[in-house]
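Only one chain is shown below, in structure tokens, and it's the form predicted on its own.
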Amino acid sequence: MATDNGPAPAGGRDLSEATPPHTGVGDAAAPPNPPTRWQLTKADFYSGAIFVAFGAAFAAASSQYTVGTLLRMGPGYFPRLLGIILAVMGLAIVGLAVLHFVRPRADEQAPEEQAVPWMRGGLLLAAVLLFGFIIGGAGLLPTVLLTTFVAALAGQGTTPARAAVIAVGITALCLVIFVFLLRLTVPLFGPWVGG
């Protein structure tokens, strides 16, 4: 038996179907759980530990080469210096993370979980591997130009044109520092490019 409840609303739907009944239980939004200390510090701790690991690896790998002095650098000078700088930076980041773990700020929010940037990490790894594999055959200028271009592409939102500008700028800076100021006898072009 059909019943007529009167004319339908202007939208064509019954308003009683549009909103669920109010029960009064659980309507207020529950306050979010405060972030744990580990949530606030784990990203810094892990990144600092990675810096320390890479720094130690660079320093260990350079131990088989002659270091030399500041004015007469050997092949092991730059990798060892880079390893020490990376390790010190990593220790500082780990120290700040531990300090933050012990004494967190009261108003700090937990960082949002984000997807791992595999593509950007792969580009950075490719730049490092390229440098190691082609420096001997291509020479300093093509190697720095190519590897900095690939590394610049790893930046968030970096276009190929902007990466090319960054690569040219860093290559020019390396040329000034290592060739003109430090007077390193590094071949600018290798046998692969007719040097």
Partner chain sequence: MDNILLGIQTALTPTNLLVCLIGCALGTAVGVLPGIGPTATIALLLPITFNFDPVSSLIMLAGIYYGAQYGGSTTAILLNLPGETSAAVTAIDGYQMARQGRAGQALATAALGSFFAGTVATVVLAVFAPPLAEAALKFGPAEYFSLVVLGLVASIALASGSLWKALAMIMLGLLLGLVGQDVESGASRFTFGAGELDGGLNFVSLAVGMFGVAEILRNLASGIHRPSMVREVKSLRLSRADFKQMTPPVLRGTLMGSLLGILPGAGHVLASFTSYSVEKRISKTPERFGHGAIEGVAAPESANNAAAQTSFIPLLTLGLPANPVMALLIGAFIIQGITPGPNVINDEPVLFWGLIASMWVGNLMLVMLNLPLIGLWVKLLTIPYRVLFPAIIAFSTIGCYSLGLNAYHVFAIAFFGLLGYVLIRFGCEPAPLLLGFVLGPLLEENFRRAMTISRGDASVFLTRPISLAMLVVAAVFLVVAVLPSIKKKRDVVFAEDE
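Not measured: the values here are computed from a predicted model. In this text, the rigid core denotes the largest set of C-alpha atoms whose superposition between the two forms falls within 1.5 Å. Positions refer to the first chain, counted from 1.
Separately, the form predicted in complex with the partner chain exists; it is not shown, and the next lines address it.
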* Would residue 68 count as a contact of the partner chain in the model of the complex, using a 4.5 angstroms cut-off between non-hydrogen atoms? -> no
* Do residue 138 and the partner chain share at least one heavy atom pair within 4.5 Å in the model of the complex? -> no
* Partner contact for residue 117 in the model of the complex: the partner chain, 4.5 angstroms, heavy atom -> yes
* To do: Verify the contact flag for residue 132: yes if a non-hydrogen atom of it lies within 4.5 Å of a non-hydrogen atom of the partner chain in the model of the complex, no if not.
  => yes
* Heavy atom contacts to the partner chain in the model of the complex at 4.5 Å, residues of 56 to 78 in sequence order -> 58, 61, 62, 65, 70, 71, 73, 74, 75, 77, 78
* Asked: Can we say the CA of residue 123 moves by at least 2 Å between this form and the one not shown when the core is superposed?
  -> no
